[in-house]
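Form predicted alone, single chain, as structure tokens, below.
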């Protein structure tokens, strides 16, 4: 395959996945944007669970995020909480009902398709696509929102980890979440 066809291939894969996600969202009684927001909040760490991060990550306007959050809160799927250190900051978390709604919309098509690749090829593909995305984002001065443990600030420990940027302790679960401060190692 030449490099000119790579964007077309990625675009076709993206369109197929977006179509499936839209179908899954509708089947679960959600708008696609609401499904994307719930998925982001499931995966976001404590540095990234704010409305402005949600807008940055999904490429949405503040108005769209605000209106969608209002609906998700009314349904009891998202909870707003003031930050413990700075009361001006609002933290967003999924409720149990939000997790359930997200699970109802879960689409297994990607996992099933990916199982046709050997584990080492899936890992290699994940690594290559991560590097490609990071390179693309850096060329456009964009945020990577990568997984914590792949960040240059991540400090691995035996029983707990640490963020080298903030100095805060990180759990194993924290290390698997996405962060707006991510900087690829």
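Quick caveat: nothing in here was measured; it's all calculated off a predicted structure. Positions refer to the first chain, counted from 1.
One more form of this protein, predicted together with the DNA, exists but is not displayed; see below.
A.B. asks: Could you check which residue among 135, 66, 127, 156 gets a heavy atom within 4.5 Å of the DNA in the predicted bound form?
C.D. replies: Exactly one residue meets the criterion: 66.
A.B. asks: Should residue 104 be counted as a contact of the DNA in the predicted bound form, where contact means heavy atoms within 4.5 Å?
C.D. replies: Residue 104 lies outside the contact set for the DNA.
A.B. asks: Hey, in the predicted bound form, is residue 89 touching the DNA, heavy atoms inside 4.5 Å?
C.D. replies: Taking the distances in the predicted bound form, the answer for residue 89 is yes, it comes within 4.5 Å of the DNA.
A.B. asks: Can you check whether residue 71 is within 4.5 Å of the DNA in the predicted bound form, heavy atom basis?
C.D. replies: Contact with the DNA, yes.
A.B. asks: Answer yes if any heavy atom of residue 59 is within 4.5 Å of a heavy atom of the DNA in the predicted bound form; otherwise answer no.
C.D. replies: Answer yes; at least one heavy atom of residue 59 falls within 4.5 Å of the DNA in the predicted bound form.
A.B. asks: Residues in which of 127-135, 49-57, 156-164, 114-122 have heavy atoms within 4.5 Å of the DNA in the predicted bound form?
C.D. replies: Heavy-atom contact with the partner occurs in 49-57.
A.B. asks: With the DNA taken in the predicted bound form, which residues across 8-47 come within 4.5 angstroms through any non-hydrogen atom?
C.D. replies: Counting only heavy atoms within 4.5 Å of the DNA in the predicted bound form, the contacting residues of 8-47 are 31, 33, 34.
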